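For reference, the chain that follows is the form predicted on its own, supplied as structure tokens.
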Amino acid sequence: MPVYKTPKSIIAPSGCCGGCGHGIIQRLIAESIEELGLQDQVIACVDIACSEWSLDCLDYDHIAGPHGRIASVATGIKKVRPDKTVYALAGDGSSYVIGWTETTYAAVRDIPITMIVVNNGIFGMTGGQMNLATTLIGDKTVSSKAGRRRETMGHPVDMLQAIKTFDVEFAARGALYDTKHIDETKRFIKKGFENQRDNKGFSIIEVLSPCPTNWKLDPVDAMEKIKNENEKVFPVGVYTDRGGNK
């Protein structure tokens, strides 16, 4: 029978709001890195938003980049320290709206980093504004108080569909609403680190994550929203895997 222990890399609680998925993602990162024996060579790049909490709770060398520019920060670090395991952790607002150009060109150049994008359908740290890429039609935010409308605000966009056209190493989406999907998400994250260990190209793993505070839902209902609503727009699974299945 397996014995479950807290990864040694976790040195403090996540610091996030109750029910937030960031803490789960941080643990999956730590478990994956330790299982691969990479913990002594990690440089973590975090965006100045909700993902910045990992600065306090994960025992890695960290650098916090400007909001939306974390893919470029990770690119620069990997260029000068190719021997290190470099990962970028950022939200969907940072990665797909403010920093879409930076994310795109890390993918186009097939930079051998591991990028983990937390898709909670909103700008979390800045107060709960609508995310042009990921807020669902009808969802209410502080900047779409009547709900997102297609006629004025457009449709949400599955950005992994775009990224997979750039001949990247690996692109996948996981979710956190039950143990089956958490285990699958961990496999995707671990695959991203394995690719980097093996000197392969750009890997991006998006994770459907709850934001109970800004969604104004309790944690259980927030998980149900991901299962019943968000996943229908953003399907989970592998989008491209250059070394395996497409």
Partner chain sequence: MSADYVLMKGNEAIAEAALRAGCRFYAGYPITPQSEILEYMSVNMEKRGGTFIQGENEIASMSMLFGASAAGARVMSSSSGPGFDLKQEEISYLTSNNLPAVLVNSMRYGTGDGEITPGQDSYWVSTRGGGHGDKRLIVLAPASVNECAELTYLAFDLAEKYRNVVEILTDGAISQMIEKCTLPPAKEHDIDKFDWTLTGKPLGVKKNKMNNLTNIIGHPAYSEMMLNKFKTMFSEEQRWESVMTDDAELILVAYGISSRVCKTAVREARAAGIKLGLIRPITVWPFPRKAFENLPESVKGFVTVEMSISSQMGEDIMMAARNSKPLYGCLTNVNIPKAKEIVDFCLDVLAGKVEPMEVI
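Just so you know, these numbers come straight off a predicted model, no measurement behind them. Residue numbers count along the first chain shown, from 1.
What comes next is about the form predicted in complex with the partner chain, which does not appear here.
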| query | Taking the partner chain in the predicted complex as the reference, which of D183, D59, E35, D221 has a non-hydrogen atom within 4.5 Å? | reply | D59
| request: Indicate whether the candidate residues Q41, L55 and I63 are all in contact with the partner chain in the predicted complex, with contact defined as any heavy atom within 4.5 Å. | output: yes
| Is the gap between V73 and the partner chain in the predicted complex 4.5 Å or less for some heavy atom pair? | yes
| message | Whether V80 contacts the partner chain in the predicted complex should be assessed with a 4.5 Å heavy atom distance threshold; does it? | response | yes
| Is R149 close enough to the partner chain in the predicted complex to count, meaning some heavy atom within 4.5 Å? | no
| query | Using heavy atoms and a 4.5 Å limit, would one call E102 a contact residue for the partner chain in the predicted complex? | reply | yes
| Using a 4.5 Å heavy atom cut-off, which stretch among 160-168, 136-144, 119-127, 102-110 contacts the partner chain in the predicted complex? | 102-110
